[in-house]
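Below, in structure tokens: the form predicted alone, a single chain.
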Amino acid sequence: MPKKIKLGILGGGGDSLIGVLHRIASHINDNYEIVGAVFNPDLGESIKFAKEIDIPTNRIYNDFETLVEEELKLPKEERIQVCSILTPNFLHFPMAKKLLENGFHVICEKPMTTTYDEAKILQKLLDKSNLVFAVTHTYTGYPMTRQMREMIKSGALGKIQKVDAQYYQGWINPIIHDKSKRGSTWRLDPEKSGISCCMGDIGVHAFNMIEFTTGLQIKSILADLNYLYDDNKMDIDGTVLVRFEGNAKGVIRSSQIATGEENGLTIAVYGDKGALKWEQENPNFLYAMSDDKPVQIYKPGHAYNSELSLDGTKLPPGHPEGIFDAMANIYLGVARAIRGEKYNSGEFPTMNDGVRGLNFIESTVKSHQQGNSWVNLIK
């Protein structure tokens, strides 16, 4: 087996959920070794955290700029090959840009940047390079969403007629109703989060899931966003109507004030021959429906699944896999790409998905601000 890929981590220290998700995912398939990091803006905290998770501290750097500068001084076979960007949104673009300019592969949390223009700048940089850039839309890593993608690609549903994607959470309720709290979280600060909270954070996942599973590109959208309070600058709820080429239509429903909801991402795709439905909170079940047959349930690990689905399954049937495994499948695909190995285009979201995501986010806000009018997404 080739030597492990040398991985650097930016952000994700302390009790960060996204940090532990990425670190564990990088280890699951034995492809990566974390060799350097800036876990925290405070060097002392970064070193302390590195010791807690048993990572050598000699390449824990004071800041991002120092990491790039010092790593470039090392022999190529020793330096970091790929960096995972796990910071608040406003840092994604400057970090990704500098990494690409200096020859590092990138794994970036979504949204890839805070503006569509920034995303296009990164795209131009990547096009001039021979580097790998992944955006961690984690839910594309589940075996059953991959099975959904392959079944739709094979024509199992016939012509797509309707798509319904929902992403409901309730986590922001304790914050949004307290004026002092909603003014202190970075998620509701446009300077740090970008122009959208709900659509920028979770609505974009639903958007990505639609395009990932159906293979279709959304052509235009009409958005109605909810800010709830006049002094709140960021959307925390919204509904988006979507149109595809031809006559297919759909809806994205996204909320962070859906009281009692946890992580309710669901997607249903309806064709003229049948339909498929998947729920993130029950990720090992893919429901196949039709007008003339009982509902069928597809589960991971069985020989009836596609090669892409089985490649993302690590355990025998009946052994539940979850979010760590889904993220690990993305890291596995990136490892194959970095090593120049053959891989399926569905193994990890690319910069193109990141650019499309920013196009969607900005278009939803534009549609809402223009009085809930239709806005075309740029191809």
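Rigid core here is just the name for the largest C-alpha set that superposes within 1.5 Å across the two forms. Sequential numbering from 1, following the sequence displayed. None of these values were measured; they are calculated from a predicted model.
The next section is about a form of this same protein that is not shown, the form predicted together with another copy of the chain.
Asker: Using heavy atoms only and a 4.5 Å cut-off, determine which of Glu78, Asp178, Glu245, Glu191 is in contact with another copy of the chain in the predicted bound form.
Answerer: Comparing distances to another copy of the chain in the predicted bound form, the residue within 4.5 Å is Glu245.
Asker: Of Ile218, Ile267, Met148, Leu99, which one comes within 4.5 Å of another copy of the chain in the predicted bound form, counting heavy atoms only?
Answerer: Exactly one residue meets the criterion: Ile218.
Asker: Give a yes/no on whether Thr259 approaches another copy of the chain to within 4.5 Å in the predicted bound form, heavy atoms considered.
Answerer: Close contact exists here: in the predicted bound form, Thr259 approaches another copy of the chain to within 4.5 Å, heavy atoms only.
Asker: Please check if Asn344 has a heavy atom lying within 4.5 Å of any heavy atom of another copy of the chain in the predicted bound form.
Answerer: Because a heavy atom of Asn344 falls inside 4.5 Å of another copy of the chain in the predicted bound form, the answer is yes.
Asker: Could you confirm whether Asn31 comes within 4.5 Å of another copy of the chain in the predicted bound form, counting heavy atoms only?
Answerer: Asn31: yes, in contact with another copy of the chain in the predicted bound form.
Asker: May I ask you to state whether Val68 is within 4.5 Å of another copy of the chain in the predicted bound form, using heavy atom distances?
Answerer: No.
Asker: Can you name the residues of 42 to 80 that have a non-hydrogen atom within 4.5 angstroms of another copy of the chain in the predicted bound form?
Answerer: Heavy-atom contacts to another copy of the chain in the predicted bound form: Lys51, Glu52, Ile53, Asp54.
Asker: Comparing between this form and the one not shown on the rigid core: C-alpha of Gly357 shifted by 2 Å or more?
Answerer: Gly357 C-alpha, core-superposed: shift of 2 Å or more.
Asker: After the core is overlaid between this form and the one not shown, has the C-alpha of His368 moved by 2 angstroms or more?
Answerer: His368 C-alpha, core-superposed: shift of 2 Å or more.
Asker: Could you tell me whether the Cα atom of Asp178 shifts by at least 2 Å between this form and the one not shown after core superposition?
Answerer: Asp178 C-alpha, core-superposed: shift of 2 Å or more.
Asker: Report the direction of the Cα distance change between Lys51 and Leu332 in the predicted bound form, compared with the displayed form, as closer or farther; the change is 3 Å or more.
Answerer: Distance between the C-alphas of Lys51 and Leu332: shorter in the predicted bound form, by 3 Å or more.
Asker: Any idea whether Ala328 and Ile267 get closer or farther by CA distance in the predicted bound form, knowing it moves 3 angstroms or more?
Answerer: Relative to the shown form, the pair is farther apart.
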